[in-house]
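Only one chain is given next, in structure tokens, and it is the form predicted alone.
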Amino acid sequence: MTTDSTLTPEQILSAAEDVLRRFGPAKATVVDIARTLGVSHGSVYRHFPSKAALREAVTQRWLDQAHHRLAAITVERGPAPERLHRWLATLFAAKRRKALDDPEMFATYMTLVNETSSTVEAHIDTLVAQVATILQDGIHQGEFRPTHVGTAARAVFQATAHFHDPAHAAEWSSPRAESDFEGVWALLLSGLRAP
């Protein structure tokens, strides 16, 4: 049992994920989360001022789980084409793992995404900025052709949407998913390569 004085936002978010997984976003309440933690619902509200703020924080936490691995790839040194391929493959693997290994939470995530579009937009902006960093490195290395990095990064992100946009999650378990990904990658790389 948690006490009000030791309660942390991280504990609340973990409990919220558990409650959302069990009851779904339509039925989960702050009272359910507080009950799971053994505290009053007022204790939860001291950390999150509203149910909407709590749901947004859960969504942000879920999205951020992929950021750490991707951010590490972004700042590595080495050939940009290899890093970009690994970055895209890591994003695809993370999204697919979430969809296939935790379908209840993934369904909840899909509901929450529709409620928290500004959180999702910020997430996408972060990811596109990471792609832009790798592309810029590739231009400096002479691996990629000079281009407007921001436009190219968004184009790469959109061109690979089939492999990270949750709207395509049902197709990620296809036996062709990996070869389709590699086919798109090969096409992208040929367009990015310096002449």
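Bear in mind the structure is a predicted one, so any value in this text is a computation, not a measurement. Note that residue numbering follows the sequence shown and begins at 1.
The form predicted together with a further copy of the same chain is left out here; the points below concern that form.
Using a 4.5 angstroms cut-off on non-hydrogen atoms, would residue 184 count as touching a further copy of the same chain in the predicted complex? Close contact exists here: in the predicted complex, residue 184 approaches a further copy of the same chain to within 4.5 Å, heavy atoms only.
Counting only non-hydrogen atoms and a 4.5 angstroms cut-off, does residue 161 reach a further copy of the same chain in the predicted complex? Yes - in the predicted complex, heavy atoms of residue 161 and a further copy of the same chain come within 4.5 Å of each other.
Might residue 167 be said to contact a further copy of the same chain in the predicted complex, defining contact as any heavy atom within 4.5 Å? So residue 167 counts as contacting a further copy of the same chain.
Applying a 4.5 Å heavy atom distance criterion, does residue 180 contact a further copy of the same chain in the predicted complex? Yes, contact at 4.5 Å.
Location of a further copy of the same chain contact in the predicted complex, chosen stretch of 151 to 159, 28 to 36, 51 to 59, 136 to 144 [non-hydrogen atom, 4.5 Å]: Answer to the contact question: 151 to 159.
Looking at a further copy of the same chain in the predicted complex, is some heavy atom of each of 176, 188 and 192 within 4.5 Å of it? All of them do, each having a heavy atom within 4.5 Å of the partner.
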